[in-house]
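Okay, so here's just one chain, in structure tokens, the form predicted alone.
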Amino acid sequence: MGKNAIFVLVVLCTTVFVLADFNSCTESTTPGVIDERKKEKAAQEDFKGYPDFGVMMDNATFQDQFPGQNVFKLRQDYPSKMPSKKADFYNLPFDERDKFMDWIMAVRDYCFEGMIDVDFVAQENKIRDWYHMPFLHWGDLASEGFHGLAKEAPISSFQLHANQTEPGQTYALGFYNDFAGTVLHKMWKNQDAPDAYATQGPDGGFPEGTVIFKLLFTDLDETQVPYLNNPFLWNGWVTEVWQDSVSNPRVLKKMSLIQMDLMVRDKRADKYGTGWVFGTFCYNGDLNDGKPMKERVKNLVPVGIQFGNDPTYTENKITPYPAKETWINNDLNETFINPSPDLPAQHLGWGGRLDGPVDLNNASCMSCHATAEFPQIDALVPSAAFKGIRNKAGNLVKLTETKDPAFVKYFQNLKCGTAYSPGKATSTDFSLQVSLALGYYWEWKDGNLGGFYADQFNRGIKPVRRNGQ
């Protein structure tokens, strides 16, 4: 069956979602409220839904090998009304070096509450609403059917540990809270034409109160990366190696949780020129201490937070792979790193800026996400970041093109809702998944209808490039 036929079949089989009001225990009898709910329900009934995932073993094999188990279901009953109450951690400071750990752990707890017991099935969380990004089922990086994991990035040899002689790959699943869900509603409610301006300022963009988090898994295990012992495991229908395309048969692998990323839209970060606070975690199975599988997500240790790129700091230093220890650069004022010995050695980003273990030592969390726009004009990491001196293993030990204009721009602070390439693209407000999803949508639509749309053609859609590829 061809890709187009599969897509049509999945769309026809997708369940119609009806928005439920999770903020009230009883039905209101107020006429105005009832009318609004009727309109909301009617709009959701008109919405036919996006495919839940893109690739999976055949149904007969799944039923035979995994009887009684459910496949991944996209949470896409996005709310149209803005929530009124932000999370309690908005009362905690994030930009004080001696207090940021309290902030990041409070955000972690917010993300985990109600999720651990249901194995991160968003629809089953009885405490808090979380949603997924649609249209990540399409293309070579297509999401799979066990948990909705989308192909994310390659992992170089020795990137994670001195024992890691083999390369690996990363797959990920993102979650968006109810504040972010209102933006997804605005963007995706019209299935014939997603609104790419929903995340473009000054009228669009994710509102304060937005929390986004992502779980990242790898096909490497403790034999290559010792701190992945006592793993938190999910099944994944994934490529055998990163280089395999969608045309290669996928295989069933046990995928180990390696990292968690989070993004918080906070107006207190506006004064740093970004409006966002990023955080990342690294798994450490040495901390397991008898935890059952469901609880092992708590073995994630904060790496640190970032709310700006420290653009005036230009010391040209990177930690080559593999990192023997975590270099904490206290000259940075907009990145704070966890000093705890519970954190496995980290390479971090350029100049010691925040980056996760599966991210690159020549970038930063905020730099990479700042490029997010539609279409994706610039690479997620500029080519200058890959030019330099390398060790015998082929890993960078020093960059040589740090004065390249594209590299300098990469470490500036970008205001939320602002396109990285103004006049050429619309901002996806630091969300790379939005950028990917919009690109995939128009790639599918142009291909299926056998033609082009002038607006998209003029934008000049370009592929997302990461890790120098």
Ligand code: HEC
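Bear in mind the structure is a predicted one, so any value in this text is a computation, not a measurement. Residue numbers here begin at 1 and follow the sequence given.
Absent from the display: the form predicted in complex with ligand HEC. The rest refers to it.
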Heavy atom contact within 4.5 Å of ligand HEC in the model of the complex, the stretch among 395-403, 242-250, 189-197, 260-268: 260-268
Contact at Gly356, Val381 and Leu432 by ligand HEC in the model of the complex, all three, heavy atom at most 4.5 Å: yes
Val238, Ile318, Leu160, Cys365 - the one with a heavy atom within 4.5 Å of ligand HEC in the model of the complex: Cys365
Contact residue in the model of the complex, from Phe278, Trp138, Tyr283, Trp350 (heavy atom within 4.5 Å of ligand HEC): Phe278
Heavy atom of Lys214 within 4.5 Å of ligand HEC in the model of the complex: yes
Heavy atom of Leu436 within 4.5 Å of ligand HEC in the model of the complex: yes
Ligand HEC contact in the model of the complex: Glu208, any heavy atom under 4.5 Å: no
Interface membership of Arg75, ligand HEC in the model of the complex, 4.5 Å heavy atom rule: no
Those residues of 141-170 which, in the model of the complex, come within 4.5 Å of ligand HEC by heavy atom: Glu152
